[in-house]
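First, one chain by itself in structure tokens, the form predicted alone.
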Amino acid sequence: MKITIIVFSPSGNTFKVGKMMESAFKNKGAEVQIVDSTRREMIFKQNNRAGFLDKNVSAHDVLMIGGPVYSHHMQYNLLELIKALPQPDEKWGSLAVPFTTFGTISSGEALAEAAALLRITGRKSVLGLKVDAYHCFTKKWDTRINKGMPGKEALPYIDELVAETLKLEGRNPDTVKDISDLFNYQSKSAIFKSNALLKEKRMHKYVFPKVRFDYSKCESCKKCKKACPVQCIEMKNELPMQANANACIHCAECFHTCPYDAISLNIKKYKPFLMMGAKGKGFLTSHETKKTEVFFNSSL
């Protein structure tokens, strides 16, 4: 059985889950590849997602595709990648497994959004997975949300997902049920609020704090440029700058990576809201009974 795992992973959490999947599939004798779409020039410089997919993705029976939750939604760069998927054919299988990672507050509508786009590309979402993970904003805070996660605690869920996926071998795709409905576990009010108030691109442009560079501290090490998952930082006269500030997804990787404190990003003002959300409180309380969860298929 041939498996392809595609990830977009700004902070590395989703890639870590992908690597766990890869290892578990290999241990079961499956043929598997993992494709990391993060920091890829064809995607973020050339805007050629279709070309990137065609060049890097091998023939497969099942496509596992995942990204992180940002503000209750699947991060939009992963959604854009799904939109670029070709229709199923001899190379591209019609069975898909969306998965997501999130910093304990809420997995939001991420799986439902991914499944809806997968359906448009001619694919069935036949299994699913959400994984509780380290909240990337809290890396420099005294209180860190889920430090070290995902780790060993996620392995039993990964093993379950892999075992269920392997049941698809030899099955006629037409006989396998689409389980997208299982991903609609948030309340209608939470969905309305997140869609009305938490539009990610608008928040990046108008709400989230801007990345600032203090060139008096900068040593031109280029670590911020290398860390940027969407390649919006460039070097000019040996100093970093955001060549396209609108492309910034406020993952804070440049801020956390800089060894000289030459980058400022005022994310501390969000701390009370994030800590409240981590305790299951706030105006967008999550309606999910389990943090890490496999979504099973009754037709398998």
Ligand SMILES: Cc1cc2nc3c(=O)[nH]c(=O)nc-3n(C[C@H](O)[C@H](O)[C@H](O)COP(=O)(O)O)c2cc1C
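For clarity, every value in this text was computed on a predicted model and none was experimentally measured. Position 1 is the first residue in the sequence shown; the rest follow in order. Here the rigid core means the biggest group of C-alpha atoms that line up within 1.5 Å when the two forms are laid on top of each other.
The discussion below concerns the form predicted in complex with the ligand, not included here.
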Pick the stretch from 40-48, 23-31, 236-244, 61-69 whose residues have a heavy atom within 4.5 Å of the ligand in the predicted bound form. 61-69
Does F137 reach the ligand in the predicted bound form, with heavy atoms at most 4.5 Å apart? yes
Looking in the predicted bound form, any heavy atom of F208 within 4.5 Å of the ligand? yes
I'd like to check something about C251: if you look in the predicted bound form, is any of its heavy atoms closer than or equal to 4.5 Å to a heavy atom of the ligand? yes
Applying a 4.5 Å heavy atom distance criterion, does V126 contact the ligand in the predicted bound form? no
Among the candidates A133, I158, C224, A114, the residue which, in the predicted bound form, approaches the ligand to within 4.5 Å (heavy atoms): A133
Within 75-107, the residues having any heavy atom within 4.5 Å of the ligand in the predicted bound form are T101, F102, G103, T104, I105, S106
L284: with the rigid core matched between this form and the one not shown, does its Cα shift 2 Å or more? yes
